[in-house]
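The chain that follows stands alone, in the form predicted on its own, written as structure tokens.
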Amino acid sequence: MKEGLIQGRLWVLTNDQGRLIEDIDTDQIYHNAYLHITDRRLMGQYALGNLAGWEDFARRAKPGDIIIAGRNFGAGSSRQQAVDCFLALGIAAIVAPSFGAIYFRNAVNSALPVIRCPAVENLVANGQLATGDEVRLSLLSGEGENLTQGIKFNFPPFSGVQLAIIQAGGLFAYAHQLEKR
């Protein structure tokens, strides 16, 4: 990720009424039937496989894609596989109004950018963010732009430590960098 910039194609997780799906829990993200899998590279194929209407997400997603979801994404358990499955697919970021606290911390510690952006609810509702749109996000400035539709929006920028952990490749890599200083 160059200079805290992420650019990719959107997947907007909506229900059959076109509303952002809220309270997507870790079991919907990564079903407990696959917890025996320990190789991260194999986890991606099960991402969102237990979320109604999104069971085929893993087959359609491409590295660099960005997910937009409703409030409280990653609620529930501390299941690390719910982060690792997206890393296995090469998902570049997840954007939601809010995240489950443990999920948020696990994602940052694993170098998966999770962006709190309350504005996405209205942007999705107004058709200003849609699946397939190309979006650019600056983790440094908190500026987002839908390149497809020419719409700009803002979110709280990442703290210096958050960005350093993400750019280092995770908490352990970041700690290793600090030890070398």
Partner chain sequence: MGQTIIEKIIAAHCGRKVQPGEIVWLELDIVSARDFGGPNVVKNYEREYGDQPVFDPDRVVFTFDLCVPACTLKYADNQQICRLFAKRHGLRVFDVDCGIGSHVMIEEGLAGPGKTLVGTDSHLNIMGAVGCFGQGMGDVDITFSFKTGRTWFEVPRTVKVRLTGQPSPWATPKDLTLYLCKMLGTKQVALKAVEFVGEPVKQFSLTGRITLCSMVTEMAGIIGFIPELNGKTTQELMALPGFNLEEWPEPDPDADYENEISIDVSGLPPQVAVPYLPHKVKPITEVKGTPIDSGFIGSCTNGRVEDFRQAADILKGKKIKPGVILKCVPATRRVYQTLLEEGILEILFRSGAVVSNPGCGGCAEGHIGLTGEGEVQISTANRNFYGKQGKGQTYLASPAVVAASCLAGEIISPEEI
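Everything quoted here is computed from the prediction, not taken from an experiment. Residue numbers count along the first chain shown, from 1.
What comes next is about the form predicted together with the partner chain, which is not displayed.
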Using heavy atoms only and a 4.5 Å cut-off, decide whether all three of 115, 138 and 152 touch the partner chain in the predicted complex.
-> no
Please check if residue 56 has a heavy atom lying within 4.5 Å of any heavy atom of the partner chain in the predicted complex.
-> no
Heavy atoms within 4.5 Å of the partner chain in the predicted complex: does residue 76 have any?
-> yes
So in the predicted complex, does residue 15 come within 4.5 Å of the partner chain, heavy atom to heavy atom?
-> no
Taking 4.5 angstroms as the cut-off for heavy atoms, does residue 147 touch the partner chain in the predicted complex?
-> no
Between 39-75 and the partner chain in the predicted complex, list the residues on our side with a heavy atom within 4.5 Å.
-> 39, 50, 71, 72
